[in-house]
Every structure is written in structure tokens, then in C-alpha cells.
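Just one chain follows, in the form predicted on its own, and it is written as C-alpha cells.
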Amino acid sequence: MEGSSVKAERPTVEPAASDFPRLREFGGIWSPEAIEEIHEKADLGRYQIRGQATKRKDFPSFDDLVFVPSGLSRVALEGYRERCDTQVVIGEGRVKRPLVLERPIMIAGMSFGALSVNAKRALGMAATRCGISTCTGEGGMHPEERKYSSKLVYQYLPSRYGLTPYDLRKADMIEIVVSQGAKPGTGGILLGLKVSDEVAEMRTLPKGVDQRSPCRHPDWLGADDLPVKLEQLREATDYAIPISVKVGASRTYDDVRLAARGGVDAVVFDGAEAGTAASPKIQLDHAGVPTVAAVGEAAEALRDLGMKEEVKLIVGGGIKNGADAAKCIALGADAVYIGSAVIIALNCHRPLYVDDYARLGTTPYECCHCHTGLCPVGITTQLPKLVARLDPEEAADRVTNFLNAMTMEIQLFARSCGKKHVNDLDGNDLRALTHDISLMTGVPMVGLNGRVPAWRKF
């Protein structure tokens, strides 16, 4: 009618930026993705939360390094006749019961709550077959995890969820968590749909309520309190097992020095590419130091203290295969932590139950909805119908196969460089493909005849 005001109706389902293929031509500050993110914040009034890791494509990575294997100047190891050892021992000569890893790989901390009980069972079975450790993550020690994991690391977190002295004494190593690479400086997040009856009971939380963990330990304010906490934990465990400290890679050199001088048996850190079941999206992309840049800095800190052989360095964050792990070891790590890779080996992103991915508004290979508790393949959920989709035995077989393949890849590079133990790899076995990665790691550029920057000697 003329003169009347008619309010245009908003579409029930708005198309996303990805539905307009031509928009890929538009970049700059106001890209379609940036605009869509502002629209979402304007609608919801909060920052976005999601799972997985950073989606940034401009981070430096281990792919910017290459090995320089043997030739005339160095003799390679014969793969079928000469051994290449992989064992790593944490706490040797320091505690009664050191943690012996048959390979330089550890499964990172992922809690029951973030993961389903079937996922925890499968990871425990696979780790036991391979002679490596799993980790409780935040939320306490689930009985099934202890049953299936022959070597279990117990995380001691600011939240104290599920903490009991009895479980501390059942552990094979204690990991004091200060921060993590996916969300350094903040606490954990577990949304209400994943806080089932069992999760709520373990964490002493109300069922179905969003959980946000504190970002620092309630009984200590900084590094000066760390030796006191270490002594308390050593007393509680009869000085029997090793203790590590975990930090997100940020002020890496100082953090590693403080932890080592505090008396830990190992230092663990996550780079900025580390994964998570739930984190503020903006923090995933804009906080922390890339893993490849932090490894050498951490190793240098231990060398400067004269403690490189005494204190083990465990590194995680975006490590996806044996090449990444071998390069990490060559830069100074003793072992690597892997989380996202073993989750993918369980079946994450596999194109099963595609209709359920569609209902989440995503597809296999790009899903990052771990935080929702609606995982189509039964890994990051507590809903019984979805949990049942993950068969622990079959999943354990897949993870075992992946760990075996990854170990063979690490040995492949060590053998090709003439090393009888994978931990004999060092920076002299690497060359950098870019000036940036050379400056970050101290590894010489290709074509410089192996000249090492003056500031760095491996």
C-alpha cells in the first residue's frame, strides 16, 4: 500500500561467504571471512569458540627445513642390517622409576570430557602396544585410561579437576601444566553438552554447565613457588616418578630456564600450532610462537644452563609426520608430543556419517566442531549414540599403524644421516630453505656450504 512501511523479512538461512565462489578474488583487510566474523560477533555478542588448531597459512613450519643425508662425506646406515635405536628415558638417575619410552613419541594431554571414553581406551591400547605414554589431560584419571595405558602421564592443572593423591601415586609421570600452546595464558573450556553425569562427577561440577578453568595455579604466583610445588609432589609420590612442567611456547627461553633451574626432570612446550577441543578462535590465530621457532630457543636455554643432557625437552604443536618429528629432534627435542595427528588416526575428518557433518554446517576435512560435543565419528563427544560409533579395538589398530609408520619415518631420516640413535640427529643435518627460518632456528641456509650463524652452535 502506498505510504505504508513494510519491513523486509530476514532470510531464515543466510548464505555463508563460502557460498559465493567469486568472493575468493577479494582479499585485503576486509575479506569475506573477516566480514562474516564481524557479523557473527554482532549477532552473538561474544568471541567465537572452536576446536582444532590455527587456520593460519603464513606460519613458518618444519617444511621450510630439509635434511642433508649422507653422501661421500658421511656414511649412511644400512636399514636392514644396522640398528637405529629410538628409546628415550625421562628421569634417569634422578628418580626411582624413570619413564622409559620405546620411541621418541608421546601422546599429548587430552581429557576424558574433551574425548569420549572409547577414544581414551583406543589411545591407551595403541600407546601400550608401541611402548609409549598417554596423558590424562584436564579432568582427572579415568579408570579405563589407567587400565589400558601401561605408561600414563598425569596432568596437574590449575583447575585441580579430579585431583586425588591416590591417582598421583598411580601415575608414571606428573606434568605440571602452566599453559598450553592452543590457548596460552588462559584456562581450558568444556561446553555444557560435554559435561555428562560421569564427567561432572569426576570434575565435581554441575551437569550440563559450561566449564571454564582458571588460568593459573591457586597456591603459587610464579617461578619462585615452583620448587616448593615440586617438593610437595615428589613427597606425595615417594620420589619415585619424574615430574615435568608444560608451557605454551611464548617466552620460551626464560620459561625453560626457570623450569630447569626449579628442578624438573623434563620441560614440555606446545607451539602455537597445537590443537585443542575448544579455544577462543582469535587466540588460536594470534597468540604464541610457532613450534619450529621455539624448539631451538628451548634447547639453547638448557645448553646455557649445562642441563641439556639432564633435563629432557618434549615438544608438541602441529607435528603431523615423522619428518616433522625428526626435524624437531634435530633442533634439540628429545621427544615429541602428538595430539591432533592421533585424533585424525582414530577417524577424525574421515568422510563417514556425512549427513551429520552437514547438520553441523561443515564437511569432513574442514570440521572444527570438537567443542560442540556432536562429533559425527564418536571422538569428541559424550553422547552414547555417537560414542558407540568409535570401536576402540579398530581405532587402536589405526593409531598403532600410524605410530609405527611415524617411527619408521624418523628412523629413515636418522639412518640416512648416518645416526645410530634418532636422538643423535642435530642441526648440522639440516639446511634452511628461507632466510626467515634460518634466522629463527640457527640452521644454515642451503647453498652456504654449511656455515652456521655465529650466534648458534649445535
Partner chain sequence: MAAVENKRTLDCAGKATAEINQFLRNAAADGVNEVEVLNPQARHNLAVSITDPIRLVFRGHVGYYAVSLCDHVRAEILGSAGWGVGDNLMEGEVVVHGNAASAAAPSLRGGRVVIKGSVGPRSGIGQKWGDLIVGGDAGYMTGFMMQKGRIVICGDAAGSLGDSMYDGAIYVGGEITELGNGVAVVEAGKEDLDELREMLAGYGIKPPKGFKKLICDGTLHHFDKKDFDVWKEVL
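Residue numbers count along the first chain shown, from 1. If you're wondering where the values come from, they're calculated on a predicted model, not measured in any experiment.
We do not show the form predicted in complex with its partner chain, though everything after this point is about it.
- Only one of R146, R160, K308, R103 lies close to its partner chain in the model of the complex, with a heavy atom inside 4.5 Å, and it is R160.
- When its partner chain is considered in the model of the complex, only one residue from D356, D285, D254, E92 comes within 4.5 Å through any heavy atom, namely D356.
- With the partner omitted here, the stretch from 130-138, 257-265, 229-237, 76-84 that lies within 4.5 Å of its partner chain by heavy atoms in the model of the complex is 229-237.
- Each of P206, Q211 and L374 places at least one heavy atom within 4.5 Å of its partner chain in the model of the complex.
- Interface residue remark: I29 is not counted as part of the site for its partner chain in the model of the complex, having no heavy atom within 4.5 Å.
- Of the heavy atoms in T164, some are within 4.5 Å of its partner chain in the model of the complex.
- Although the partner is absent here, A323 lies well away from its partner chain in the model of the complex, with no heavy atom inside 4.5 Å.
- Taking non-hydrogen atoms only, E198 never approaches its partner chain to within 4.5 angstroms in the model of the complex.
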